[in-house]
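First, one chain by itself: the form predicted on its own, in structure tokens.
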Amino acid sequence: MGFLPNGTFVMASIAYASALGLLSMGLSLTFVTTRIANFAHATIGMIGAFVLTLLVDRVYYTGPSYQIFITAPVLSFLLAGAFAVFMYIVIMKPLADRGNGVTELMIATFAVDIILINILSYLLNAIRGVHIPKLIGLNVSSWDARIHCCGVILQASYIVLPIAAILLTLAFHFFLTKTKFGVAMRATIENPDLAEVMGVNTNMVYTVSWFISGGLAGVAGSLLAFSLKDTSPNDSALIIVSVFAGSIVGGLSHVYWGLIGGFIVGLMEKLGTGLLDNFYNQLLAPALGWTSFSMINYEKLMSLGLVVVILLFAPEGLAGVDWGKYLRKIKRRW
């Protein structure tokens, strides 16, 4: 194997980074609107993986189909969004109304996360498959359609995920800037008290923001499931680390930068770790006589290391950097 990763690995990394970008953008959205750091966000995304597994068992069990890239994301968006709204209205808002602070609300999201993981695990164990005997632990990658591109065989989800991330971001931007409710949401984000005085229904804005956040997580989870080793809600425990890393890198209080931060973190975890593994095992270890070993399992070290660097030099994330100043310096040099 060459030092540089092959095309398939690069596309898989971009797809993973796109999923993290959607998850981080959704996490930033709920934090910006309601100031709640939702640690159950990645598990809400696993609802999408749950939906995909059921569709594979009941509808698409005969083999890969491009239809699944429409039905699974749409159903996942609606179901995950509905759960996020339920979580906000039934649990988070009543707790906030009773005077609980940021710490208490954060702990509450931990509790919801554990409950939801157990519910999804129970359902995957309890539901008897129609065509597949055991749903828990199912590897659904074989139901992912294959695309032949430039002599490389790619999973269709590697192409669909980046496209979905771009389209959903554009749709969200259109919603915020071109619709009356979107403008009301922006006003609520900037100044909730003033927006309420001006007649904006802030409670409705918060509810819709949670629905959109959960929906984005559901779409990401449904498509990311094709790349997971198995359908296990417990995977969310590691995914949430990367999601928070992406939001922090981008700037936790900036929705669009959450998308960018998540994408960067995803590339660091996959491409960065892959390059580091090749460098160590192909160059450094043979030259120094050290023992070779896989560094793929150390991908979280890359993302968390990036978080530390960002917090040291840009405490507000990439969104807080004066990029115009750097661009002006570059122009002067040229």
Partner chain sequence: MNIEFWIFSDTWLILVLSYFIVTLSLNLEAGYTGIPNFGKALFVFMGAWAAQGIGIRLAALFMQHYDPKDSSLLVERLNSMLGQNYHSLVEAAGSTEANRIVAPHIYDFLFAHPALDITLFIVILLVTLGLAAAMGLIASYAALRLREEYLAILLLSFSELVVMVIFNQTDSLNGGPKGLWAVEFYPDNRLFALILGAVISLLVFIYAERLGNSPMGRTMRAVRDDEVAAGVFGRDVAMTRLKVIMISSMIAALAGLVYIEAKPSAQTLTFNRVIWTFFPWAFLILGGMANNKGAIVGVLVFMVLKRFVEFYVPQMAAGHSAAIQMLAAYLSNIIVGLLILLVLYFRPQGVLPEKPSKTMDLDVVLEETK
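The term rigid core refers to the maximal set of C-alpha atoms that superpose within 1.5 Å between the two forms. These numbers come from a predicted model, not from an experiment. Positions refer to the first chain, counted from 1.
Only in words, not in the display: the form predicted in complex with the partner chain, which the text now covers.
With the partner removed from view, the residue among Leu95, Val74, Ile159, Ile89 that has a non-hydrogen atom within 4.5 Å of the partner chain in the predicted bound form turns out to be Leu95. For the options Trp257, Phe226, Phe172, Phe244, the one in contact with the partner chain in the predicted bound form, meaning a heavy atom within 4.5 Å, is Phe244. Proximity to the partner chain in the predicted bound form holds for none of Leu154, Ile264 and Val321, with the criterion being a heavy atom within 4.5 Å. Only one of 57 to 65, 44 to 52, 282 to 290, 297 to 305 places residue heavy atoms within 4.5 angstroms of the partner chain in the predicted bound form, namely 297 to 305. Contact annotation for Ala37: at least one heavy atom lies within 4.5 Å of the partner chain in the predicted bound form.
The shortest heavy atom separation between Leu252 and the partner chain in the predicted bound form is within 4.5 Å. Taking non-hydrogen atoms only, Val140 never approaches the partner chain to within 4.5 angstroms in the predicted bound form. Of the heavy atoms in Ile163, none are within 4.5 Å of the partner chain in the predicted bound form. In the predicted bound form, Ile91, Pro94, Leu95, Arg98, Asn100, Val102, Thr103, Glu104, Met106, Ile107, Ala108 are the residues of 79 to 109 with at least one heavy atom within 4.5 Å of the partner chain, listed from first to last. The Cα shift for Tyr61 between the shown form and the other one, taken after rigid core superposition, is smaller than 2 angstroms.
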